[in-house]
Every structure is written in C-alpha cells, then in structure tokens.
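Shown here is one chain on its own, the form predicted on its own, set out as structure tokens.
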Amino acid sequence: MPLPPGPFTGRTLSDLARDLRDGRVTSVALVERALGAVAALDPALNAFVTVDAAGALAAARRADEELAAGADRGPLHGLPVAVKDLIMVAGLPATMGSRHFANHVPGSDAVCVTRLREAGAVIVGKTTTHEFAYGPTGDRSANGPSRNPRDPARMSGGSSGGSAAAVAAGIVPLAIGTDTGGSVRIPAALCGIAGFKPAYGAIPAGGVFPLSRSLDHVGVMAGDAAGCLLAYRCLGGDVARAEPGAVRVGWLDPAGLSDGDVRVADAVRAAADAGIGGMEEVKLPEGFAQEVRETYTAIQSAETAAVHAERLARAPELFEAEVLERLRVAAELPGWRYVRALEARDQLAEAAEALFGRHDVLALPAAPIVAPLLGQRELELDGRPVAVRPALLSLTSPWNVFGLPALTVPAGTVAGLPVGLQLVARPGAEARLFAVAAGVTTGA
C-alpha cells in the first residue's frame, strides 16, 4: 500500500519559495515539517541514514533572519534538502552505505554541498545509498534497503534510492544524488519523481566518494522537472533560455537497448505522444547497444576495482555479500580491456552524436520495468526471465558513457507503479531538454 503523502507532496520549489517571501511560512516551519515527516514516514522507508535536526533548525533560523534583513540567497533560500550519504557534509557521518565507513565523519563539505549552503538551502540529513553506490536496486546497504513510497515492499531503485524516496514521499522537496549509470534517474522513475543528471562535470564531484571517476555525475531530484532546473542553476549549472522554435524530439525504441515490460514502453510512449507529439523514430546502429554496454561495464569495473583494491585485500568481510562478489568480478578485469574500452568510447561517441542528426532531444523510458520487490534479482515477463540489475541500467547507462545530460519525468503508472520518461540531449542543449519536459504533464 502507498504511504500517506508527506508535507511537500505536490509542492513545487517555486511555490515554497514564494510562500517564504510572502510571509506565509518560515524556514523553521518548513524544516519542522520535514523533521516531522521523517519521524512519521521514514520507519517504513529507511530513506535517511542520518538526520541533523539541531543543525537544520539552526540553519533555518539563520535563513529566516537573513530574509527578514533583506538578504535573499535565491530560490533555494530556507528550503529543506536531503543529501546522499556518498556526498560529504562537514560534521555529519558519511558511511557510503558500508561498514567500512561506519564511523567516518568528514571535516569539510563537498563542492555541491558548499553551493547548496551558499544558495541558502537547509540540509536536513543524509540519505540511504546502495553500498558504495555499486548497484541500481538500492537494497544493499549497511543501514538496510531504502523502500519505495508507492509500495514499501518494493525497491526504491538505486543507488540514490534514499534521496528519491525522501522526495517521492514528500519528506523534503529536493534531494541531491549521484549518477554513474542511472543512479539518479532509475530511482526517480521507479518512485515517480523527476531526476536530472547533467553533463559530465557540470556539477563538480569534489568531496563525493567515487564509484567510477570517468562516469560519475552529481544530480538533483525534485517533484517535477522545473524543480530540477531551479536546483541545477543554483548549483552552478549554466542553462540559457530555450531558443524559439519547435524542439525536434526523436523516439528511441527501448527494445533496441533492453529486454523489458512492453506495458512500460507503451505507457511511456503514450505520455510522450500526449505531451510532445510529432516524434520521429530513431534507430540505433547495428551492434551499438552491445558495444556501449560492454564499454560501460569495462570502464566502471576497472575504475571501481581501483577505488576498492585495498579494502578488498584488507577487510573483504566488511562488504555486503552481493557487493563483494561484484567487486571481486570487477577486480578480475584485465588492464587491456579497460584501455580498449576507453578507446571504444571515443569511437562510439561518433555514433552517439549521429543519433541527434535530425533531433535536439531523444525520448525513451528511464527504466524498462516497474519497481521490483526488495531483493528480487530476476523477473518473468511474458514467460521469459529478465535479470533485474542489467535491465534497470540498460536505458540510462549509455548516456553516462558519453557524459550527456539526461532527465527523467513522471510518465504515468503501470499496475499502480510509476514509470518515467527519459529525455536526453547534447551538452549545451539543456534548455531544450527542460522545454520538452514542461510539456509532459502526465503524473505518476
């Protein structure tokens, strides 16, 4: 059964900012609502690892005092936000979802957290991550699985599952996550909110624990695409106004990238047709999907194994069992495979660019399945087995390989569970991405 809506359900960042400036609410009151929602809803969700009530209330009081004195830091001023437990917040534990860092407390903020504070945002706490962000399911963490607000028996998605669950449940209106192969967009889609992965490096990753350095992105989650855009701009993203004229959108058939649930593809396509219309079909080059998948896997495996080599040798028993097995497999990748994968990425980038030959934006589902049950690793669809982890990554990971900006927005439901429409553009075309998203109003 779905959880009851939290205080920020259906509230946009712009509405909340307007209420603050018009004196209808204070930052302290907003933070108190968020803290109350954590107490009421998080026992069923496990979205939060750490809640900083005292720090959040102190920051909210400062935000109110600044506004009263005429000092306005911008549209996030005084609004509560949650931060993934992979991202450093000075003075708060950063466990990375692992027993390896059970007692780790960083002394400085990540760059994106510094920018949040400079924008006046109030950090309520840290959210659950799949251990070391190494999984799209969100159900392998030292503090337990994050759960889906639509059905707590199901996955939130991962690895930024706690951030997605916190926003989808209405506990906070905004959360920050990371995305290496879909870790913002997958949980956003499965939980029924918007999630944005900007172009590679657009939000600096300094102070973020790495999974795969050449694939890692910092991203944002909000109830709608407009909230993602607002937050992205506050974090330093340069998005010009959309140029006049129609944006050309191409539909990328998800069957070319993944085996999935035809009901999901149909529902997302229907939402795209209703909100966008006039889409041309875009066909993938022969062999493209397989080559990109192999390239992504090789790059991520090698870089992740490098990050954890000492921990694997020194204390393997501290890893969760599934994560440990994946790391051991990753560590066996020969160096030549990594070098060739980097070369292949450069070659494949030309084919990826050609997908935009007649289009400004590509549209496809964010995930080809609805949220599986916690712990489920295989589905049966129309009598055929489908492995959960590769399916979840199949439609999002290609765009990390090329560092392209990608956004998912709610696109209705299948069997009562949310599905998401993913929109992809070239770097520099973010305005067109959000202009298309504005036309898709089908809620989850």
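Nothing here was measured: the structure is a model prediction, and the numbers come from that model. In case it trips you up, residue 1 is the first one in the sequence shown, and so on.
Not pictured, yet referred to below: the form predicted in complex with a further copy of the same chain.
Across the options 163-171, 309-317, 188-196, 99-107, residues that bring heavy atoms within 4.5 Å of a further copy of the same chain in the model of the complex belong to 309-317. This chain is displayed alone, yet in the model of the complex one of Leu373, Val339, Ala71, Ala351 has a heavy atom within 4.5 Å of a further copy of the same chain; that residue is Val339. Note on the partner interface in the model of the complex: the residue among Gly277, Gly335, Gly287, Gly357 having a heavy atom within 4.5 angstroms of a further copy of the same chain is Gly335. Contact annotation for Glu343: at least one heavy atom lies within 4.5 Å of a further copy of the same chain in the model of the complex. In the model of the complex, a further copy of the same chain lies within 4.5 Å of some heavy atom of Ala331.
Using a 4.5 angstroms limit between non-hydrogen atoms, Arg233 is distant from a further copy of the same chain in the model of the complex. Taking the partner from the other structure, a further copy of the same chain in the model of the complex has no heavy atom within 4.5 Å of any heavy atom of Asp261.
For the three residues Arg213, Ala302 and Ala305, a heavy atom within 4.5 Å of a further copy of the same chain turns up in the model of the complex in every case.
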